[in-house]
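Given next, in structure tokens, is a single chain: the form predicted on its own.
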């Protein structure tokens, strides 16, 4: 690729200095400037000849010996420059001298009078400054508008353009989203062969909205569609449309669609469209703000273009609930493709895609890795694979082993190990009992996820220990008994501290937050309260700027709110009592395994099962 060379003002300054240097050190050596008194002396001694008399100056040739005579006239005056023998000509500023012509004639010196044309000098006096000003202005405007940014290009679209073949992404690089791929294959077929659809009068959807949690591969999927169809791909973020200048966003929308029509067939992809397409409302300062103008222009452009031209609009968001309804109606983004979190099989396929770039050992089992990463999306899995490769390099290995992947998963889930953190023996003992409380309750309850690992090695920002549970399968529905068992596991650490030490510590803060959220959801959203009945009080309300307003009315009375609080408190107290009873019945195992944990610092899930079974 040829490297572009940009003109810079520094180049102009360097060239100007070089010209000045050449003039001073080379051109000035061939001509000498003398005073009028020196000129009169040289005239009388006939050391000059072939004069050209102008209106303001007199130029002529120096005769041999003139340089010595000038040096003698100047004497020790250092203010005057020296005249070398190499100087053959001279010039002098002309003064009023009525006898000059007589003296020249009397001494036999040839001279010639020249009539100067003043129009050229007058022209240069104003043309040259104007040209310099225009050139400097053009240069500054070009620099301000360079690379698609700046003042002069503020209305230009900032879309990154990938021509055919530049995306280098196909469906082989995408995994775990088979349903979304099937939905988008129709778009690929239309871009390849639009006549096939036009024959029966069918129309391809104008807009396709990719909806899903962050990191599920929405942008990668859009690029794969362009790569499979082998068409141009114009990618832009929703935030790139909005600037501080009014009207800039609308201008960029117009420019984006104009570029797309010239490059058709192509795909326009707007990432994070919620930054641009947020639902419109009444502006608190009156009038229409810049975002609403930009959204209105986008709606107008989507109504104005025809899909027969081969332009498909795709967008991605993880917050579809806040998008403007006019953007989602048929005729605009009329097809919604859900890119959800991958299931067990999908995670296995995603691991297979990412491990192609690294060297793995023979003990790596993708199905096991997929089972160890429930709830993770494609971006998380890519991070796990990268962390595993970095850990293997750090340990000096030639290949990435299964242990490296397990450590990478643990690092992503629980945080970085901090073995250098100094913990007092009392706090370390309390952490061991706390974590064993979680693990023991999880091992006893039938609906709790199995324990994978228990550790008292500090990790992350504030975690002094952790109990890692991994589900045996992907779950999409949970019953009341399963939720109660999960809450009991969360409160197992607090129950263990109260049982052994007589009181709990601040280490149960995160456990209490999670248990409280789950209990509140059970009462308010899922209708799992016998007292309140099968009623959901978690109705979604319109929100200003997606923030719950302090004075927003509820759908229920204050008496009902008090009953909800009472039910949440009672549910948490009952669950904590349940965890305490389990640990009280198994106190001997709790103390025995906690002491083992203090010695080993880490107990794997299989070892924990063996220790519990041994005592039983």
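Being a predicted model, the structure only gives us computed values, none of them experimental. Residue numbers count along the first chain shown, from 1.
In what follows, reference is made to the form predicted in complex with a small molecule, a form of this protein that is not presented.
Residue in contact with the small molecule in the predicted complex (any heavy atom within 4.5 Å), chosen from 219, 296, 505, 89: 219.
Though the small molecule is absent from this view, in the predicted complex it lies within 4.5 Å of a heavy atom of just one residue from 374, 450, 213, 527, which is 213. Only one segment in the set 259-267, 507-515, 173-181, 431-439 has any non-hydrogen atom within 4.5 angstroms of the small molecule in the predicted complex, and it is 173-181. Although the partner is absent from this view, residue 354 contacts the small molecule in the predicted complex, with a non-hydrogen atom inside 4.5 angstroms. Remark: residue 379 counts among the residues lining the small molecule in the predicted complex, judged by a heavy atom distance of 4.5 Å or less. Although the partner is absent from this view, residue 225 stays clear of the small molecule in the predicted complex, with no non-hydrogen atom inside 4.5 angstroms. Under a 4.5 angstroms non-hydrogen atom cutoff, the small molecule in the predicted complex has residue 350 among its neighbouring residues.
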